[in-house]
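Here you get one chain, nothing else, as structure tokens; it is the form predicted alone.
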Amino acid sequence: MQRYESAKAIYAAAGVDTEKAIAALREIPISVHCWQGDDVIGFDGADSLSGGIQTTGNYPGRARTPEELLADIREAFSLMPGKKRLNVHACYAFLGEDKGKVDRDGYSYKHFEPWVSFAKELGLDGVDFNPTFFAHPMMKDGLTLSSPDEKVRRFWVEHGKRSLEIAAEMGKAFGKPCLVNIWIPDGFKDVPADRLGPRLRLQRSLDEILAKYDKKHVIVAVESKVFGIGVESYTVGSNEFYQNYAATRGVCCLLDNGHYHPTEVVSDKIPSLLAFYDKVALHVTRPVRWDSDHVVLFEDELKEIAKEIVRNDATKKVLIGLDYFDASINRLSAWVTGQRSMQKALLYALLLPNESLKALQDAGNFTRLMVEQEKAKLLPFADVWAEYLNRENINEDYYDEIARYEEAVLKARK
């Protein structure tokens, strides 16, 4: 407490109210992805990933059943401060007696109601949803919504429609919109003979999916990707395609900071989209060389992403979700580390003297702007973070509890 009071006074001298920053952080929800816990396997029969994505590592204790995954999420969430949502992929359907009888084009809300009940039990802010267009036999030649095979394309269109119906019920259950993110793996390993045709089919498919849905309870986002394993030469759902599609159809763009060329940064894209869109969605990950979905850490680009959210007064406009899947380390620790890192970055941004820094830029005083930005880096952020955790009844050290859970629970999974 003494360290926090000292930090509070230092920040006050810099024109920053730490109490206001902590209060603001408590109101920013982070949507935490369920698929970190089982390496994106899901419950509907897949035994491995396909579609240009890959999980690496074989750390022991992976959740193998719905019961194990929910237990792991409950434990991980108990170590995460702040407001949280739960992000669910369609392949995590609780099929029960419908397993083997109902496919993804026939999923309904009853197959996901257990997720809603679970989220309410944990006191979460809501549930978000993703149709799963990968790891399925109906991916033909690596294509789904852009397939020239009408049977294949129709299957995936119906899956998209069912996903919007499911999401609407999720939104109603919480009285808050459910974000539905559409990402497809479609593309080609080598140079295609036709780049336009697949994109026109994708456009047609998306139009059919979005022809009718509950806009009160569902926010739709589309997510681009630059390339994937096995689709190195051409991706149907490119950034240019989706930004134009979103702009002309009144839906949201989702930015995944692993889905662009190495010299592109999502932090610069956020304010560009805020100039034109009411909402911007994020999948926050940590790319190493490429879209490798490493655990999110409190690093420079994450700080810049948070700065753009905070200093543009966009904490209610930017929908923050996490997206990574690391199987090389304890999966619960990966969850907690990533969520806390995102919270740290947001608090760091909330504790900057943003208005005075903007004023220096507008005045053209770039020399002092640089000096003040450097000074801000040494403000006692860690002491405010410690106070925030204390008020959230969360310990700074979570490793011991993760190790206890691993010894007691994960090691028993053979």
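This one's a predicted model, so the numbers in the text were calculated from it and none came from an experiment. For every residue, the number given is its place in the sequence shown, counted from 1.
The form predicted together with a small molecule is left out here; the points below concern that form.
Contact check for Arg85, Ala119 and Glu392: none of the three has a heavy atom within 4.5 Å of the small molecule in the predicted bound form. Segments offered: 347-355, 33-41, 62-70, 370-378. Contacting the small molecule in the predicted bound form at heavy atom distances within 4.5 Å is 33-41.
In the predicted bound form, the small molecule sits within 4.5 Å of a heavy atom of Ile53.
Taking the partner from the other structure, the small molecule in the predicted bound form has a heavy atom within 4.5 Å of a heavy atom of Phe134. Though the partner is left out of this view, His283 does reach within 4.5 Å of the small molecule in the predicted bound form, counting heavy atoms only. Residue contact with the small molecule in the predicted bound form: Phe129 places no heavy atom within 4.5 Å of it. The listed set Lys225, Arg153, Arg340, His111 contains one residue whose heavy atoms approach the small molecule in the predicted bound form to within 4.5 Å, identified as Lys225. Think of it this way: in the predicted bound form, the small molecule has a heavy atom of just one of Trp115, Tyr245, Tyr107, Trp183 within 4.5 Å, and the residue is Trp183.
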